[in-house]
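Encoded as structure tokens, the following chain is the form predicted on its own, with no partner shown.
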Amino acid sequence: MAIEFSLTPDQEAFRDAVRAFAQKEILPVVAEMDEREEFPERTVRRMQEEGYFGVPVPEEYGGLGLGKVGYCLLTEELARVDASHTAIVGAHTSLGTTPLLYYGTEEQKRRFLEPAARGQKLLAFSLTEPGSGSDSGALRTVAERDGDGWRLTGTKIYVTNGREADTVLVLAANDLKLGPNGGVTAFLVDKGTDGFRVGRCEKKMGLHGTSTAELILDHVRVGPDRVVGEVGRGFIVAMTALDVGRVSLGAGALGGMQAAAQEALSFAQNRTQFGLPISEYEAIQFKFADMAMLIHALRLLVYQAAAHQDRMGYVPKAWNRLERLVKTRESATVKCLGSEWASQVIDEALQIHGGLGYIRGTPVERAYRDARISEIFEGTNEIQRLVVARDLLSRGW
């Protein structure tokens, strides 16, 4: 396994371009977006125009062809400025385009993946239900045969981009008795399909620029061309997408913790107490040392995992069993540690700000609210620890 990793000049140029874009286009709207709790339509459109919704997708399918490393660079830089914009791109790219790229037919790639990668369509991913969260195989949304097609009936919750998406990847049970082992199928459902509607949109602690929607399917008919992958193999489709999402989530955690640490450093160098900037006191310096070590460690974890996924390619049939297991353990590790380290760093950054850090609307206060969900969504950290432990017990270190 390769350990050493460095960015190419093209990757560095892309990172710098995204950083400049985020500062110019996104930063000015973040405070108002957060306060009003509105989906940032204008800046989302600008990101689509820049090609940011298709960064890891090969050029032949409308993307920028920059792979998972490029995608993590994008995610890291967006997250330095705002977690909501990062989540919108992530729900579309990690969880929306990945299943199409890895498991879609050529017709599905041309019809759905290309416009999604070019920024002409917004995607969403719906797995969670009122009765199934961490137990993601216990779906109750059912898919019943209807001629050569299917009828989907059920309710999905906590769907990021659910209100705005043009197409949603819906996981449904084709056989409740089989569960995840042959009983779950992935379907593409378009906005406006008869029987398909958006229900409640949640009010949340953070990520105020994203919609977190309930989706209701009332005997929604889809044709056989809307099945992604094989019938009964939808759970594998979903888990493969989550492996990508968990690495990019780690990249988002990296960007968020760097931004908070920088805010705290600037504050500490300018905040005077007892006649000295508080950055001169050992108690504060130790906090910065801990922050710096965690940021450095997470960067290595994120980009090693992303580079590994790039080397594997996007044809699952070509992967051997060991590659799959390593990829899944790495993604669980990155997601779990990244989300927890980000929360730790942002909490310390808030502490350094003192009372100011607790004031609504400051960047560090917003970061504190936004960061907490990362330990929950795309698989709780308890689930990530189960993934790592079970792999360890199965095949050792």
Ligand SMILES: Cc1cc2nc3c(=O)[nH]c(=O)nc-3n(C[C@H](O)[C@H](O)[C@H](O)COP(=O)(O)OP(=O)(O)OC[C@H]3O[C@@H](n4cnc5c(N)ncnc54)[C@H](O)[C@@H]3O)c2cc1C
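Residue numbers here begin at 1 and follow the sequence given. All figures in this text were calculated on a predicted structure; none of them were measured in a lab.
One more form of this protein should be noted, the form predicted in complex with the named molecule, which is absent from this view; the next part is about it.
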- Item | Contacting member of Thr93, Thr75, Ser126, Ser84, with respect to the named molecule in the predicted complex [4.5 Å, heavy atom] | Ser126
- Query: Which of these residues, Thr185, Gln309, Thr160, Thr141, gets a heavy atom within 4.5 Å of the named molecule in the predicted complex?
  - Reply: Thr160
- Message: Partner absent here, but in the predicted complex, which of 282 to 290, 118 to 126, 295 to 303, 248 to 256 has residues with a heavy atom within 4.5 Å of the named molecule?
- Response: 118 to 126
- Message: in the predicted complex, is there a heavy atom of the named molecule that lies within 4.5 Å of any heavy atom of Gln108, even though the partner is absent here?
- Response: no
- Mark Lys327 yes when one of its heavy atoms lies within 4.5 Å of a heavy atom of the named molecule in the predicted complex, and no otherwise. no
- Query: Even though the named molecule is not shown here, does Phe21 get within 4.5 Å of it in the predicted complex, heavy atoms only?
  - Reply: no
- Please check if Thr380 has a heavy atom lying within 4.5 Å of any heavy atom of the named molecule in the predicted complex. yes
